[in-house]
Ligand code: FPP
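Listed next as structure tokens is one chain, alone, in the form predicted on its own.
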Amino acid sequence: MIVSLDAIKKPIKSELKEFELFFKNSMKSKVPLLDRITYYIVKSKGKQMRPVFVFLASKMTGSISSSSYIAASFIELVHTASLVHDDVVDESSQRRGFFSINALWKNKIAVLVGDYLLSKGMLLALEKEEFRLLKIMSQAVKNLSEGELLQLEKARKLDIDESIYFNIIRQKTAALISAACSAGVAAVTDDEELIRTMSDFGTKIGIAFQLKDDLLDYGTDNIGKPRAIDIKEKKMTLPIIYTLQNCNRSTKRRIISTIKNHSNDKKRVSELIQTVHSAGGIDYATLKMDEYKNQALKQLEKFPHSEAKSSMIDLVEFVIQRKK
């Protein structure tokens, strides 16, 4: 049975409440327009899972410190900035059920807001002399940018193979989760081995997180009907990549044609989804997701038993069992 996110947050409930105020204050500006937009961002916040990773990692290792709050805020600022920029790149009009920043204030302002949030995160770390955190986050932002550009480059030709796919999601989705976990540990200890262990843990669970997103797009009996968002956006995810590698030439041509030219044709998309299911693409992606989940859990064995560790284990399960 899947544990609720509220139950997972229980060991760090008071810290998360304090973090919300800390995060809100970290975005403040003397420019009224920016204040209106950042207020809107806070109002439309998501699950804030990355700060949860930060605080649980800190509490697993020692006691949550002021550095933990700075790390959580920096990571959430970078994550929010990346979402604002993604919506511009993808021309998305909605985010988490709310209008996106670019839909309300247009692209130019959205790009500048994303830049502002990123700069606030860097200044927050510099002002507190959190140089280790700055290094962790600079590497994460570099990986995010490279992963996004690699995906855009490959999407034009639809020539992403499995190794390139994993390289992209390791740099994109996994980069910030890895940074959250390593920064959470670095906030309370200088033990390089533990910091590397949690960085690796974050990478593994970040990849599993993205694989779950891939699977949600296709739907199953317990998830509900397919969303097919990735197909409409012409994104090559693991279920399709596996299917393309294991089907005959005519089926491959039809899949490519559907993605390139008929991604809004409901009948063709439905046929593609059925082909992916029949070819074992869903089963294969599920297998890989479970492999990465188990590798992530293996890393946690290096930490002593605690309430925070139990919540981290539950969070791993939540990541791969969520319904959205």
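Residue indices: 1-based, along the sequence shown. Being a predicted model, the structure only gives us computed values, none of them experimental.
Below, we turn to the form predicted in complex with the ligand, even though it does not appear here.
The stretch among 192-200, 126-134, 243-251, 207-215 whose residues place heavy atoms within 4.5 Å of the ligand in the predicted complex is 207-215. This chain is drawn without the ligand; in the predicted complex, the residue among Val188, Ala110, Met236, Leu144 with a heavy atom within 4.5 Å of it is Leu144.
Just one of Leu104, Leu83, Ile164, Ala155 comes within 4.5 Å of the ligand in the predicted complex, counting any heavy atom, and that one is Leu83.
Mapping the unseen interface onto this chain, Asp90 counts among the residues with a heavy atom inside 4.5 Å of the ligand in the predicted complex.
At least one heavy atom of Leu118 is located within 4.5 Å of the ligand in the predicted complex. In the predicted complex, the ligand lies within 4.5 Å of some heavy atom of Val78.
In the predicted complex, no heavy atom of Ser100 sits within 4.5 Å of the ligand. For the partner-free chain shown, Lys172, Thr173 of 168-189 come within 4.5 angstroms of the ligand in the predicted complex, judged by any non-hydrogen atom.
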